[in-house]
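Coming up is one lone chain in structure tokens, specifically the form predicted on its own.
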């Protein structure tokens, strides 16, 4: 059994950053990755039209000024292949591959209370002993796919957007179905529509989407960003979402209608996902949100030529951004094509698959390819997949049976030295996740170095602090409109999943200040213990 200081699970953006950072403070580190390639969500989500909804310059690492200057992004919003090329470049530039084991899926991680170490076992039986277990499993890495009656009888090809095949999928002359209208479904629809003989999009919930406003990055733009990259990073870190947009401090309700229309028009044409920050209270007040939602509905409606489709495609049943809105490039316009059809699942649900396609309550559809753009078991899916066992034989599944609990979203009582990166209880999917990844990993690395310097063996969340943090997360969520809609933010994406609000909605800047205060005050709410077992309790906040 190999002995390590730090074992990292997952070789996506978070895992690579953790490897580089922990290696940099002198720890013996290994990354294990279940897939046969690095990149996490960007390795698997290779569907047509896949691109990031955060601007390329912000969806990148900030730890190396040299890396920032040498990498040249080609588009404002990078495509999946370009993001993967960036990840591969980083791995090569910083010689990360030598400490990554691919095709190595963690089956279990068991905390050895006597040794105060984690024993990690892979599915093929290999084992490692590590002082620290760092979980970089991603929020959107465990796919969920429906299981319809008769699905096994379908003679065509079924593909999930989250595990896209590496071979090229040919749609020429094919009848294609896309089930799901979240980000993946919205991004792939216009691309496949241009190639397929016929495309049917199955929609349960009409979704808000803002134009991506994508464009090539000119040499002048590239030079301008790189000349002021430090300031850009600082602005992102001090923004609510990590996107760098400064919220308008005026209430949407206080702005004159003509002025508000101009603000929304500018946001619609350029801000993409940042539209939600056009006024500070869009996500705090339903009347304020209505002004934004009404604008977006008008803009969406103007794109759709057929009145019956317009009625079905324009979202009406939830507040804008209460569910994660999408950023698209021609989604609504695709329905103006003669070869594109909308199947409304509220009107005619899917009854069963047949050998030749899908039967709904209204008719039989014939398909050659069915694509499940049905998303992920977000936040907890990947964390609860392996068998993670803490003190007293308690598993993480048991601990989180009623929903995830943690202290500051980073540590769990009963699971010493287990560090969760961008999991539930942190800004995670309510932020530019790259900013959140780097903030947390840097915080973890300083903690690990402090433990090493002070001869401390374990770091563990306290139960009372854990309960207080979960209560705080819920209180912040109640200040917003997030609780007014079913979404993966509150566990509604998976049947039977605990219905609790999972990300921290207090903002990237606010969360960072909490982490900084925790570090400055000696980690209140955590118990730091030397090897002897006598605990050193951090002072109260």
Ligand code: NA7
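Just so it is clear, the model here is predicted, and its values are computed rather than measured. Positions refer to the first chain, counted from 1.
Keep in mind that the form predicted together with the named molecule is not shown, yet the notes after this line are about it.
(request) Could you tell me which one of 375, 272, 404, 386 places a heavy atom within 4.5 Å of the named molecule in the predicted bound form? (result) Only one listed residue qualifies here, and that residue is 375.
(message) Under a 4.5 angstroms heavy atom criterion, identify the one residue in 316, 166, 346, 286 near the named molecule in the predicted bound form.
(response) In short, 346.
(message) Tell me which stretch of 440-448, 320-328, 360-368, 256-264 has a heavy atom within 4.5 angstroms of the named molecule in the predicted bound form.
(response) It is the stretch 320-328.
(message) How about residue 268 - does it come within 4.5 Å of the named molecule in the predicted bound form, if we only consider non-hydrogen atoms?
(response) Flag for residue 268 set to no.
(request) Flag residue 239 as yes or no: does it have a non-hydrogen atom within 4.5 angstroms of any non-hydrogen atom of the named molecule in the predicted bound form? (result) Answer no; every heavy atom of residue 239 is more than 4.5 Å from the named molecule in the predicted bound form.
(message) Just checking whether residue 194 would be counted as a contact of the named molecule in the predicted bound form - the rule being heavy atoms within 4.5 angstroms.
(response) Residue 194: no contact with the named molecule in the predicted bound form.
(request) Check whether residue 146 has any heavy atom within 4.5 Å of a heavy atom of the named molecule in the predicted bound form, and answer yes or no. (result) Because a heavy atom of residue 146 falls inside 4.5 Å of the named molecule in the predicted bound form, the answer is yes.
(message) For a quick check, can you give me the residues of 182-205 that have a heavy atom within 4.5 Å of the named molecule in the predicted bound form?
(response) Stretch hits, in order: 182, 183, 184, 185, 204, 205.
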